[in-house]
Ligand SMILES: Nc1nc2c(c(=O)[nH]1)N[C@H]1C(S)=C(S)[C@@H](COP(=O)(O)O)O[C@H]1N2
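Given next, in structure tokens, is a single chain: the form predicted alone.
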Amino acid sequence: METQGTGRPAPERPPKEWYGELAGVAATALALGVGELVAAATGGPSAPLVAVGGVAVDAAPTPVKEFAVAVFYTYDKLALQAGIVLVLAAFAAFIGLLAIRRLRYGLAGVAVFGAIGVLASATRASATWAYPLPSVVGALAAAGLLVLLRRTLPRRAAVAAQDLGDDTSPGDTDVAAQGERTPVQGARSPSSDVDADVSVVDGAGQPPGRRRFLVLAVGAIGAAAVAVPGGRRLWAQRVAAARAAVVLPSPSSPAPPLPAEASAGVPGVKPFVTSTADFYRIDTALTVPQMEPKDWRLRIHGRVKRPLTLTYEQLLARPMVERYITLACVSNEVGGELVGNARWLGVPIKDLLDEVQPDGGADQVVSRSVDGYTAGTPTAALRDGRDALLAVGMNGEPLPVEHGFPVRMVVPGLYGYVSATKWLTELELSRFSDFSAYWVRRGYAAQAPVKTQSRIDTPAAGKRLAPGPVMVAGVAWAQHRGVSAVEVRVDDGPWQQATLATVPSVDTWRQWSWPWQATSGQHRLQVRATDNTGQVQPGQARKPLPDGATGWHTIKVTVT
């Protein structure tokens, strides 16, 4: 024991704040980890972090969402989760500081944390009684750990906290010092001045257990670091195994063979068929929804005469259509890469709508995802003969989980936010005047045909080139209208006609190329496309909101 020169015990030091901060962070981390494990064990309902994050995504203003996509691109979900974790860490540290001084206040903070998770989970789409369970169990685990950590706080910190004015309840006092307090020789009586020199040991006469506190706190954080990804992995592995067991039926109408001329044959141009791994992913799901085919149901209802519900097996038993279709995100900037072309397998939506017999006034089909996302598609676009599909396959395999497994929508000619719902569970026949879908409520247009666009893939912007022949090449798209011409110009000179590759249909993008005799200096290259209706891609630059970006893709290169 430290003593002063007089032989009396040294005055007690104030508690170090990091004890409380660490306790709070450890308790909150344990809550998240336990919540993930409970979510996995009960069939994948929302864990606390996912539920609260989902509410944050839905509540974020449109400019914030646009900023996230523009800055973080396809990593916007990861950035959001990191931000949520930072906010939770700050809140957790505050809870811990409260718990050191007044345990009941710390427990109240844990209760608030749990209540937020319960409310967020209970209000998610398709919520059942099991959805709030991970948040409840996680909060109870956090409260238990917080009490245990406070019982193992270094005794000097605990007593000093009381001497600093902590009017803890009798129960709190018992927590602060386990066992019978044993006064040390030279200490004043309990009735003495609060500035008395005090030291406390446990009933066995041993010094305080700072090491035990650290072991418990750090151990809880470590366990949570394993449990959070572990819980998600457990559920994901079940879904992955179910996906691997799916045998896709042969299409009754297979995709036409790709002509050799589908490729422009220029290195640097994106392949005609985008690999599944490289296909863009933009959606509102904070984490990828995991859904086993045996649990999947599609309900078609609303303004229909004959509502219909299908299982996954029943859907696979229907005649399948296979087509190459290019999809594009409305958030894609001019020259951006949020566009891709794949071979899709699925059931024509038109056939299903014909079966349910929509009312004459049902001009909108509202599609719903398992996570509650909604999109509103013009009914006419789903019945006009285009290859609008309930897709179950992508590039010859069952849909990847990230791209909507078990079932998603694929509709050529419309931006994804009004047509390409992933993890699909519901189609409701409605009217645009009766219901506004997710992005429409956030300022986007209710009906959004894809705009004619073109992009320079090679040479890359800013590249230094040697004088002489240079192949300028890229892709252009105008789904369901088709691209009839692509033109390139250098330094505001005359537009030059590019050579177009062959395409299997008007629903895919089209590669193009143009030979340029490059001369020394800095040059600006621009491209524009014309669709099969004769509409030329506009040069006026516009941002994606409200119905897609416009403008000519422009790059600068240096020829040395």
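Since we're looking at a predicted model, the values are computed, not measured. So that there is no doubt, residue numbering starts at 1 and follows the sequence shown.
Missing here is the form predicted in complex with this ligand; even so, the following discussion is about that form.
Distance criterion of 4.5 Å from any heavy atom to this ligand in the predicted bound form singles out Cys329 from the list Val228, Ile300, Cys329, Leu382. Exactly one listed residue, out of Val112, Ile282, Ala461, Val85, brings a non-hydrogen atom to within 4.5 Å of this ligand in the predicted bound form: Ile282. The candidate stretches are 443-451, 463-471, 482-490, 282-290, and the one lying within 4.5 Å of this ligand in the predicted bound form by heavy atoms is 282-290. Contact annotation for the candidate site: Lys543, Gly548 and His553 all lie away from this ligand in the predicted bound form (no heavy atom within 4.5 Å). When this ligand is considered in the predicted bound form, Ala420 lines it closely, a heavy atom lying within 4.5 Å. Residue contact check for Thr377: none of its heavy atoms lie within 4.5 Å of this ligand in the predicted bound form.
Residue contact check for Tyr373: one or more of its heavy atoms lie within 4.5 Å of this ligand in the predicted bound form.
This ligand is not drawn, but in the predicted bound form it has a heavy atom within 4.5 Å of Ser369. Scanning 452-489 for heavy atoms within 4.5 Å of this ligand in the predicted bound form gives no residues at all.
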